[in-house]
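As structure tokens, one chain now follows by itself in the form predicted on its own.
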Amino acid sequence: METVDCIIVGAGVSGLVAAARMAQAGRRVLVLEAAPRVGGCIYSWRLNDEIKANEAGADFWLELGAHTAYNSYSQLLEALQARGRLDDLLPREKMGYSFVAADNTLHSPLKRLNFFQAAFSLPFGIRKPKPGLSVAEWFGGLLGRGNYRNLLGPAFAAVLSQPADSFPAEWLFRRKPRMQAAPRKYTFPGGLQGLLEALAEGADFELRKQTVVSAVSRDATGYQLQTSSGPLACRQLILAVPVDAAAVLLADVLPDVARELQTFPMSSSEALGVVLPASKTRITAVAGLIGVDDDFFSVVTRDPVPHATLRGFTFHFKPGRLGQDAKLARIASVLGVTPADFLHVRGNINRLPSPGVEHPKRVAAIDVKLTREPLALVGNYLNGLSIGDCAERAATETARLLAL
């Protein structure tokens, strides 16, 4: 049986940052990815995948999953810097967000803010500790319930691509140290997926795509994995997969942890991206749009990285509400165009954890059980949903494994 020091299951942000750190410490690392691409929840749709390289717009890409990265994501940037690719970052232009009204007019966030209510609530709300409170409780106390209902609630749902009221307040907007050498907001050639591809290219670890792990077992020397390409063994194991997939793989190894993970709720959003000529839509350049009592949570645009002839919009629809034709009609009405104006259309289902206010305590209890285990859980269900949260968790857990 082929044996390595560490196997990492999953080649998203969490898995690749963990792989870079384990390999840098001198471990022989193997990363297994079930999909034909790296990225996980980062999915950059590239037109050159479906049109000829010399055709107009072949250089265009649009994010259908996670879409924004900041220089506070230091663990991710450190891994990129180690690959010598930090200078390849593309700065995103500073642009704002607008709310979409029922009549498709766009409103500034400030127009939805009750300044009197905010001024009254802020001195009292700012003093409350976040642990143990939901987003609705803490931010509703910060700026007032009316401001939360009209402004913050829809904005946070747009950020998370799911209802945000029950999300743990302590996980939202956690401060992180910034890497000053990187742009404040950035992407990468070919989209954020290109950044993860840069982490994997020529790395000191091996990456095997389209390799599915079906079972994990353990003996005194480590772990054995049954995969679609044959059995593998390792001394240490890192699961960088969605929480429900981690629960399945841990069923025989750590059944009590697996049972706990099985109860973690999941949510989804239905992303639909459209590309159209830049001259067609009436929408001025904007980073994104926020739905209010609408069929979509948010709209993410390509505008912060402008293209000469094309514009792109990804609508993150609420699950199970609209069919494809209805989605395209809603997109067209918001953009002030017709579906016939769309040059390219691509959809993607984004599955995300849906944590509640009790979630941090549940994760802390799991971490206690893993303290001395040569196994780590990393991903977007353990300390927050953002790219930076995933990279941070990968860094802390690899440090723990390296110290065992």
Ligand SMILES: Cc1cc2nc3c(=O)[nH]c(=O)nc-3n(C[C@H](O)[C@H](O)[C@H](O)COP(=O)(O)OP(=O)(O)OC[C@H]3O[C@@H](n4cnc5c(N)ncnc54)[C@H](O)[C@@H]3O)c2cc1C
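The first residue of the sequence shown is number 1, and the count goes up from there. Keep in mind that what you see is a predicted model, and the values were worked out from it rather than measured.
Although not depicted, the form predicted in complex with this ligand is the subject of the following passage.
Taking the partner from the other structure, this ligand in the predicted complex has no heavy atom within 4.5 Å of any heavy atom of N48. Taking non-hydrogen atoms only, L80 never approaches this ligand to within 4.5 angstroms in the predicted complex.
Contact annotation: V213 falls within 4.5 Å of this ligand in the predicted complex, judged by heavy atom distances. Within this chain, A240 lines the site of this ligand in the predicted complex, having a heavy atom no more than 4.5 Å away. Of the candidate stretches 334 to 342, 66 to 74, 49 to 57, 365 to 373, only 66 to 74 has residues with heavy atoms within 4.5 Å of this ligand in the predicted complex. Taking a 4.5 Å heavy atom cutoff to this ligand in the predicted complex, the contact residue among L62, V29, L377, L32 is L32.
Contacts between 1 to 17 and this ligand, taken as any heavy atom within 4.5 Å in the predicted complex, involve V9, G10, A11, G12, V13, S14, G15.
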